[in-house]
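Below sits a lone chain in structure tokens, taken as the form predicted alone.
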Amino acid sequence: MGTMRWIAGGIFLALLVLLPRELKPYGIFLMSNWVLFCVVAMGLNLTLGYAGQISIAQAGFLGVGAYTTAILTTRFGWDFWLTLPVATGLSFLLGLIVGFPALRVQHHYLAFVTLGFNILIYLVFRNEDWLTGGAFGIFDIPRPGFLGVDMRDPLSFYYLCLVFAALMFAAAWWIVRSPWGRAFAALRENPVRAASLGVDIRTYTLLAFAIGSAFAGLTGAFYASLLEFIDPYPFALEYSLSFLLMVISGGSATLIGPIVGAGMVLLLPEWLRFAKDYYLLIYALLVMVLMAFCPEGMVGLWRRMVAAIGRRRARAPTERPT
């Protein structure tokens, strides 16, 4: 099984590197958007999947990072790379603040709190024209320079996004396997028992929100450069619900789940456009069937299939030579 995972991972990575070379600019844009949304979903997966703290504010944190980079680069002339720690740090700080209600409320109550925060952030983006440009947004956001490569070329910028996503995946892998990840899992399974074992519930609850928010904020910087223009719309409630769907449909509390889920939510509707007026209906039905019959997501469905095949092989009678 371990060998098969490495082979599948190698094939997947090769596709990520080679497939965009055969695509038109719009296809490359979709791939760039997908790898960035994978990182946003990874951050939410740390908060929701591993730590068990529901959040419907991930698009808001993405917007904080995007607007931070857009404002600093267009109005103050900052280099893109210098804006990254500011965007990440601001999102981390806001994540800490949003995490405080989780110390008192849980489940759907916490969902409403984070939903309210997302709406508040969206209203700031929409109404504070002096800072964010309001509904007109911010134009002419520059692409970053990197080793003399022209990042205005869609393919070059895609590879930069891909490297960024790979580094963030490695960071998520490290967090999950670190003492932080084990504390998150204990917090998700049974907070009372975790506290009795010495886990600082307050600290790790706040960290779960802050780290997940920092993933989104850092991605927002790349997202603003990808679009080269931002307005408030992508950071509304609809996008936060989409990120939530990415984690759940792909498979929460798994490293690969957000990647699969982001592909389903972002790319599957594009592949279904051949159905013209019915593609959204087909997409909605597919998601409903998946959630009804396999609530653990696509990764869970795959594990079920592998386990079923293994059981069948174990039950199959061995042939004896005559």
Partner chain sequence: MALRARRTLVMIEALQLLISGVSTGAIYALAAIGFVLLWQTTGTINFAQGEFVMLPSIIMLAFVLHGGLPLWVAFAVTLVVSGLLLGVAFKVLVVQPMIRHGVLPLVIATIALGIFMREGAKEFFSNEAQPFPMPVPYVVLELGGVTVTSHHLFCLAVAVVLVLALQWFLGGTRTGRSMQAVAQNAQAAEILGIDVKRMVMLTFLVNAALVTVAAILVTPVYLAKWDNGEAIGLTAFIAAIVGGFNQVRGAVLGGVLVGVLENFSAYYISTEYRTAFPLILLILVIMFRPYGLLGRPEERTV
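Numbering follows the first chain given and starts at 1. What you are looking at is a predicted structure, and each value in this text was computed from that prediction instead of being measured.
From this point on, the text means the form predicted in complex with the partner chain, which you will not see here.
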(message) Residue-level question: is L123 within 4.5 Å of the partner chain in the predicted bound form, judged on heavy atoms?
(response) yes
(message) Please determine whether E128 contacts the partner chain in the predicted bound form, using a 4.5 Å cut-off between heavy atoms.
(response) yes
(message) My question is simply whether Y278 lines the interface with the partner chain in the predicted bound form - judged by any non-hydrogen atom within 4.5 Å.
(response) yes
(message) I'd like to check something about R104: if you look in the predicted bound form, is any of its heavy atoms closer than or equal to 4.5 Å to a heavy atom of the partner chain?
(response) yes
(request) Go through 115-123, 219-227, 76-84, 142-150 and give me the stretch that gets within 4.5 Å of the partner chain in the predicted bound form, heavy atoms only. (result) 115-123
(request) Quick one: from I54, M31, I259, V265, grab the residue that has a heavy atom within 4.5 Å of the partner chain in the predicted bound form. (result) I54
(request) Go through A165, I138, A214, L244 and name the one with a heavy atom inside 4.5 Å of the partner chain in the predicted bound form. (result) L244
(message) Quick one: L19, G27 and C161 and the partner chain in the predicted bound form, is every residue within 4.5 Å by at least one heavy atom?
(response) no
(request) Let me know which residues along 24-39 have a heavy atom within 4.5 Å of the partner chain in the predicted bound form, or say none if there are none. (result) none
